[in-house]
Structures are given as C-alpha cells and as structure tokens.
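One chain follows as structure tokens, the form predicted on its own.
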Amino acid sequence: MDFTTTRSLDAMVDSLPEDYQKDYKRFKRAIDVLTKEPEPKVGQTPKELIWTKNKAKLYRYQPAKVKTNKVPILIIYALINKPYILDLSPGSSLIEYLTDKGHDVYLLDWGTPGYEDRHMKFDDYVLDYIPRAVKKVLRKSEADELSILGYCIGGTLTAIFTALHPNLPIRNLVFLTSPFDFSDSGLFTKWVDEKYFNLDLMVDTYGNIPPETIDFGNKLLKPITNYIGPYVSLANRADNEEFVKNWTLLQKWVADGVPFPGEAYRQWIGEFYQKNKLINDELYIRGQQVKLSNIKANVLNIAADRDHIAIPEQTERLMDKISSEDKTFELVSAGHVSVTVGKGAVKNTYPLIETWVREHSGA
C-alpha cells in the first residue's frame, strides 16, 4: 500500500479499530516531540544578578517579592549539569516554591568552565568563591545569619566549606542527595578503582572532563532505564500533554551538561571515591584539615531511596560525624533527580525543606 501524503495515511488509520488509532496517534505525537517541538523554556522564576567571579554568578530570586523569613537561603549547586533543575518550570520549581513562601533565595551558579579553567580545584571553590558569595548574601539581605542548601556535589562542597569556617554565621544546612562516605558507592566504586581506572591519564588528556563522559557514567549505572526507558515512556504516554511537557523539560536538562574542571575531577575521583578522605578526616584543602565534626549548625540531610548516584548510605554517614545538636536525616521516596522535580517533589520534598527551614529560622 502506497501513501503519497500524510492525509491519505491518516484516512487509512481512521478506518482501523480504535485501539490501533490510539497507538498510531501516540506514535505520531512522539515523533513530533522528538523532531519538531521547540526547546522548552526553563528557569523562569524572576531573578537578579548580584555578583560574579570568573564564570560563576550569584543570583537573587524574585527580588521584588516581600520576604517574610529573615534568614536568607543560599543554594550551592553541583559542578555537573546546570542549576535550572531547581527552577525547571512554573509549578515544578523548588526555588519558586521557597520564594513564594517568603524566603529570600540566592543561587550560586558555577557557570560553564572553559579550557582555561582546567586547573580549578575544590580548594578554589571552597576558599575563594563560596566565602565571598556568603558575604554578598548577608550584605544584600541585611541578615545576621543564613541557611545554605547544597545539592549533590554542592552539598559536599558546602560541608567542606562549613567545616573550614566554623565561626561564620551559618544557622542551617540542608543537604540534598549529597555523598559524604565513599567506602561503598555502588558500581562507581568498581569503575574508578585505581587498579583499572587511569585517572591521571584521563585528566591530563582531556584537561576538562567532557559532560558527555560524566553523563555516560551516570547513565551506565542503569543503562536500560536511562537509555531506552525515556523513549519507551514517551511512546506509551505521548497522548498525555502534561507528561510530554515534563518529559521535554527533563530531557533538555539531562542533555545540558557542563565540563568538569580537570583538577577538581582529579580530586573528586582520587581523594573522595578512591581514598575516601572526607569522612575519615584525611582531606586537606590548601593545607587545612577538613573535620566534619566542626559542623555545628542545624542540619537537614535528605537522601532518596532510589538514588543510584548518591546512594542513601553515602549520605546518611554524615550524621555520625557532625557535632550539630539539632540534626535530622530524611529518606524520601524518589530518585536522584526526581527528588527535586515532578509531582512527588512538589508534594513531599518542597514542603519538607520549606517547613524545616522556616521552623529553624525563628520566622
């Protein structure tokens, strides 16, 4: 049978049983999503730029909105992907949710490193960038204290920073799926074992580690789910416009990676995954020993039960090390990404964070 036009094909489909018609329309819609749909808009919560350093930018969100909570929140993002996962779209945005509740929210966006940034280390982020961002937040908000929320590696950076600056006015810390103990990090432990993984050769060859390499490693943890699953889901649910909208938003973010600065990656794999220095008080940043026991702020530590990137055991171990009198560990039903986006996040994660921060801020 020869179909010279789409119209003639559609006419033939209309003559088929209803179930076949639905299958065809879903398939056609899925193809349109993959080939014709424009990229969705992301990061739509209003913001102002208040400070920059190199590629990094510090943003204040909804600056015109009345702030009813006196303790500002500084979000420290990870070194991979882009931070708009925390402000994906209206109604599915942790940042929007917090600002709508009256919180003064700031985000430290590391930007996109260039080849000239290949020598950037954890030392630079922890001692040169985060302290200045903290000072800018306190000054801009006219506050005496602040809360810091660290997501993924951003939480690891936050813990290191706080441990090295015990006298700064950090009232609350929220860690969101952040790894601290690397004694068992699942398949990553085997993949980056020093016996098999030539870390120095990789960093020396690339300079900065390409985002495709990081994405490949993360996806390979669950290859069928990550490589095939999204397209099967799209084909099965392409007639659900709400699903299609969320699917395109998330796929845009997943594909929108940034390079990992070479020397920081050398530290991340070598000193954290291979030698597990942080949890054992063996990590040094510019000659300063990092002791997690120096952390005394109120702590909310959130892990996701289906997280295969920062498994809950890696996250929970922090609770045994810190000196905080007020510390809470929460295991939520989610994955590493779904803990921040989607209906489950809006219903569970967002209120959990907002309520805890508000109750611990004297607001």
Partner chain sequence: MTKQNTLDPLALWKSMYEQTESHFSEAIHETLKTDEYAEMLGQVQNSFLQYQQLVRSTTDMYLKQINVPTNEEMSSVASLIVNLEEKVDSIDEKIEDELSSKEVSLEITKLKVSVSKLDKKMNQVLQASDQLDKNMHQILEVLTSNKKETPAETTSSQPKDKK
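Residue numbers count along the first chain shown, from 1. For clarity, every value in this text was computed on a predicted model and none was experimentally measured.
Just so it is clear, the following notes concern the form predicted together with its partner chain, a form of the same protein that is not shown.
Using a 4.5 angstroms limit between non-hydrogen atoms, residue 116 touches its partner chain in the predicted complex. Under a 4.5 angstroms non-hydrogen atom cutoff, its partner chain in the predicted complex has residue 235 among its neighbouring residues. Although the partner is absent here, residue 27 sits close enough that one of its heavy atoms falls within 4.5 Å of its partner chain in the predicted complex. When its partner chain is considered in the predicted complex, residue 225 lines it closely, a heavy atom lying within 4.5 Å. For the options 166, 270, 229, 111, the one in contact with its partner chain in the predicted complex, meaning a heavy atom within 4.5 Å, is 229. Taken together, the three residues 284, 294 and 343 all stay farther than 4.5 Å from its partner chain in the predicted complex, as judged by their closest heavy atom. Residues within 4.5 angstroms of its partner chain in the predicted complex, judged by any non-hydrogen atom, belong to 53-61 and to none of the other stretches in 53-61, 297-305, 36-44, 319-327. For the stretch 199-213, the set of residues having any non-hydrogen atom within 4.5 angstroms of its partner chain in the predicted complex comprises 201, 202, 205, 206, in sequence order.
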